[in-house]
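Consider the single chain below, provided in structure tokens and representing the form predicted on its own.
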């Protein structure tokens, strides 16, 4: 009796997957993975300023960052400013984006495409352009903000918004909100358009229309999209640097009141004025930024996204 041969053939290896993924993986490794590994490596070393001898010091740089008075003050202040910067975006930018997207999806406004384009357009502008234009507009000497406030009876509200410690960071956060509010608007708008018509028709048959329909039906269905926008906002704001640098300079004035982790990293790594840079401490700050973002993303993925996914299913 002949042994029974298997009709199952061995699946050939799909070489085309490597062909297509290989270049992307190579570029990602060179641009992202290797610099990250080098940053982690630098944070465990110190260089003698006289002999230029590189010495492995383990966690000494982190000990200096957390317990040395010279470092802990600026780091704590920059971390708090980053947190405040993020909270303003969460409480202002994302709700406004949701509101605009809801209005554009609920009402048949004439020129709807023009409104979407105009709101999204600042997102495409360079940080240098945005920072320079807003700095000119808010200037007490030649800016137009004082005249605009006076024209609507609010001239007494004018102040040097970027020149006062108590208002500079909030002003920069609101400028950033103006620039990037188009991103949550477009994402929420796309999520609202993807809601099945059957769900909307069923809600209308039950008498749920208008704002009640949005809050009871649509808002629940777009919660996963709002969660993604929130984590993107978190990552983007804890990497913020460009806007502060272009408007307030590397010293993040006035009196470091707009200092973020990104500007602190820049000054530490490259130096400032007559103070030389310290790449090893700069790498230490960059590593802490990475772990802060990593922890925030992990909390979202393992605690929030799972609940949203179960609720959606």
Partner chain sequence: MKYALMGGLATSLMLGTAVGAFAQSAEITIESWRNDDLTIWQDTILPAFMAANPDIKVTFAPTAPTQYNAALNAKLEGGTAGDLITCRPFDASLDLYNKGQLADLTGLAALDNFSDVAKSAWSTDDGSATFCVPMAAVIHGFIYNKDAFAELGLQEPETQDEFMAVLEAIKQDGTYIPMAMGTLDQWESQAMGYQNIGPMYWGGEKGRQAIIDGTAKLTDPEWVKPFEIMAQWGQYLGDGFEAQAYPDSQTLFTLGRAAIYPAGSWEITGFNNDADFELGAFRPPLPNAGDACIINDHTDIAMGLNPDSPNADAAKVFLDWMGTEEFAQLYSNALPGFFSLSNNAITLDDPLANEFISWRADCQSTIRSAAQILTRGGTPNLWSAMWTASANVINGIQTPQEAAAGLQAGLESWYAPQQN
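Here the structure is a predicted model, which means the values were calculated and not measured. Residue numbers count along the first chain shown, from 1.
There is another form of the same protein, the form predicted together with its partner chain; it is not shown, and what comes next is about it.
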**Prompt:** Can you check whether residue 204 is within 4.5 Å of its partner chain in the predicted complex, heavy atom basis?
**Reply:** no
**Request:** Evaluate residue 248 for contact with its partner chain in the predicted complex, applying a 4.5 angstroms cut-off between non-hydrogen atoms, and reply yes or no.
**Result:** yes
**Request:** Using a 4.5 Å heavy atom cut-off, state whether residue 164 contacts its partner chain in the predicted complex.
**Result:** yes
**Contact flag, residue 253 vs its partner chain in the predicted complex, heavy atom cut 4.5 Å** = yes
**Request:** Please state whether every one of the three residues 52, 71 and 140 places a non-hydrogen atom within 4.5 angstroms of its partner chain in the predicted complex.
**Result:** yes
**Asked** Which among 123-131, 79-87, 156-164, 178-186 is in contact with its partner chain in the predicted complex, heavy atoms within 4.5 angstroms?
**Response** 156-164
